[in-house]
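Heads up, the chain below is alone and in the form predicted alone; it's given as structure tokens.
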Amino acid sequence: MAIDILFKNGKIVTDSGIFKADVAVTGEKITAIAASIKPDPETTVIDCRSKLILPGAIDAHTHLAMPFGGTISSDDYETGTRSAACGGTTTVFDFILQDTGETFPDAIKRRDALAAPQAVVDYSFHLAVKDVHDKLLYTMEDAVKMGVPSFKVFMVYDFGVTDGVFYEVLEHSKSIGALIGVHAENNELVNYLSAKYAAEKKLSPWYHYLSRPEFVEGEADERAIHWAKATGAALYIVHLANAQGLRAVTKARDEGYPIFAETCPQYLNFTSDVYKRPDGRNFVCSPPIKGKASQKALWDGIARGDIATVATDHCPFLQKEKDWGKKDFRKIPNGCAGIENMYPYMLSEANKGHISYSKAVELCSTNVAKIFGLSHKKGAVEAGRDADIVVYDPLKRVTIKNKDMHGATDHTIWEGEYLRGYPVQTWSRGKLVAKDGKFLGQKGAGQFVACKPINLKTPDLRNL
């Protein structure tokens, strides 16, 4: 078999170690890995001397073109996936919010019609549950068969579900191979505290944090885990940001329950002090960024393996929209940009010695593929998998500036952050889509990736 592309002289990073080897690609697949591979006459050779060869990141949590807070998130499927590519992310999971009365397969078809012509790298979906009445619950199984076996419930917002619906969804998930994710915050307390601070004329962004204090998330995490235990269902806690919830995750995992936790780079890099800054409104997201103790707990949870993945919760809005809340935190659209910054940030932390490169790959790629049923195609530089490859230069130095980003957002909370090392090439299924900060891909080149149902008996998940 002829070799189309050959990555030579680099070091491959896996979730368990680093080794020197060449990587051969034919068509869209990795076809061979060996200490030394001889190119064919027509082979394109990529010299990776002094560089690392990584699997493309998989961002398990994005909100592209999402209606929220009276507007729509500023990145659509084209600009969002373009940003992803330039940051070394080659697969994104976007959330589909089910409409009232809509079957889950119809929701998938509706959003895929929007994504397919736009996406520049591969994509998949999670389904956000809104309505399960009149047998709509039972269309979950049809969605699983279509390759979307992951569902999310919101315990907050006006489109959130009741406790009873949450329990019903957990109960049903076991028989169909579905994984249930949860945005865990106590809605009643958020509403009460928001109204309380508004009545007291305390409306700066700092009160976004105080209206959703640490225990508001922690208590909801504990409840969600309790119900997952009671039903025997697997649970994936999205954007975990607090120490109390993490303690509950650790306890459940120590007891042998299939509880998986995700956190986000903003929680690892910033603390709640950002809400006191003049631009504090730009950091408003939910759950809010927490205090130093919770930040330390998250890093400790990563070290222990109790946090399984890192994702972005990418949901950016324009500055003029964030400015709606200059004088009232309740009017600030919740969400920040991060899709282009996740992998570079986590790899920079590895370069600085905070974590290992293998841990960064595990959190941002390999574990995501395992949990969401993509290990047959994604998540590792391995023969037989898609040629989603990132060439990383550990010697490159980058200070993040929004003007250098590739999305449709006019500001970033990452402005001025210094990174040690940076992705210099991103390949999506054997095609070069980004190089040295320039996007080289094509609109519509991304493909929907069908995920396999969750199977807790597989070694992949048993060992997480």
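From 1 onward, residues are counted along the sequence shown. Quantities reported herein were computed from a predicted structural model and do not represent experimental measurements.
Just so it is clear, the following notes concern the form predicted in complex with a small molecule, a form of the same protein that is not shown.
- When the small molecule is considered in the model of the complex, Pro265 lies well away from it, no heavy atom lying within 4.5 Å.
- The small molecule is not shown here, but in the model of the complex it comes within 4.5 Å of a heavy atom of Tyr157.
- Mapping the unseen interface onto this chain, Asp386 falls outside it, with no heavy atom inside 4.5 Å of the small molecule in the model of the complex.
- Shown alone here, Phe68 lies within 4.5 Å of the small molecule in the model of the complex, counting heavy atoms only.
- Proximity to the small molecule in the model of the complex, defined as a heavy atom within 4.5 Å, singles out one entry of Gly335, Gly301, Pro149, Pro205, which is Gly335.
- Note on contacts: among His183, Lys370, Arg281, Arg111, the single residue with a heavy atom within 4.5 Å of the small molecule in the model of the complex is His183.
- Annotated contact segment (heavy atom within 4.5 Å of the small molecule in the model of the complex): 55-63, selected among 55-63, 419-427, 405-413, 38-46.
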